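Form predicted on its own, single chain, as structure tokens, below.
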Amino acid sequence: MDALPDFQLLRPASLGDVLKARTEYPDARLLGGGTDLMVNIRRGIVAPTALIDMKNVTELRAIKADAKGIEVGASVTLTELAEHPEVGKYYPVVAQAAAHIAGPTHRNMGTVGGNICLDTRCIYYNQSEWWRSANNHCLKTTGTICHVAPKSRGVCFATFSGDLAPAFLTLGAEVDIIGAAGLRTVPLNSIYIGFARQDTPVTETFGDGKYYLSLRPGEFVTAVRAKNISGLRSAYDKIRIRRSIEYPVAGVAVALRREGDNLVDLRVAFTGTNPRPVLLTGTERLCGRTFDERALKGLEELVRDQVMSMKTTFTPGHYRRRVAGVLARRLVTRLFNS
């Protein structure tokens, strides 16, 4: 679908106005930069009756970053985050992740909240309406089968590809969420529920590529924050088919702490590989000892066990898993030796 369907455009000036608009228009979508949402509307993937433009809500536009912590409003643009001097100084993994997203014009429009809550993607989902209909649609839209895994018994394997989530996950971030019931703060990792296992049914807490966020109806993210950890070195990198506008084949964020020749803290998170950003579990077993080839082998084993190998992009799943492991190895080695 090329032409946009009819919808109302609402321009609230406060969080209270946003909540009121969401009550009046339950199926409305929040519009940040629109770099992903407007494409989905044009492709006929979604057809909301109203869009709520968030750019005039001043409460969501602030960036606070210093040696103690970082707090970023959901409507901050990716360019503003990437170019903020204090973010780059104290939280390089966040600045680098923001700078890696799409191209300059997309970053000028795209927002932090939009990237954190980015829709999951798949070669059978992010296509034109005529292409999807010719392929009998897919489970994430109006079909009944996940074409990535036809025997998955109703589980969708579309992948999450936001770059900011893994960066913030390595910092132990939390998010503020607001809805009709009020404001609540939760760990960032808890809002991603896209586990997508063929042998496990989808529930409210154990979702898949279609049900990938734990936000309650009407809720939305207003801010993300994290504390600074002394001595933590961090960075972000990713592989994509084209250097600009392309979503990652795999992206990796790493934060680590070194004492002498020992690795004492290691956090590694991935995007573009699973229906959720994956914060590797088990990395503590690699710490407290000399950083050597044995540690790198252990890291590769963790990646192999936890990164999904389904073919959800135009690259083979096993290639994506291999790329993820190589990226993690390179980034950990570089940070430890820097």
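As the structure is a prediction and not an experimental result, all values here were calculated from the model. Don't overthink the numbering: it's just position in the shown sequence, from 1.
From this point on, the text means the form predicted in complex with a small molecule, which you will not see here.
With a 4.5 Å cutoff on heavy atoms, H106 counts as touching the small molecule in the predicted complex. In the predicted complex, no heavy atom of S234 sits within 4.5 Å of the small molecule. Interface membership of S161, defined by any non-hydrogen atom within 4.5 Å of the small molecule in the predicted complex, is confirmed.
The small molecule in the predicted complex is not approached by T170, whose heavy atoms all lie more than 4.5 angstroms from it. The partner is not drawn, yet in the predicted complex one stretch among 86 to 94, 182 to 190, 247 to 255, 198 to 206 has residues with heavy atoms inside 4.5 Å of the small molecule: 247 to 255.
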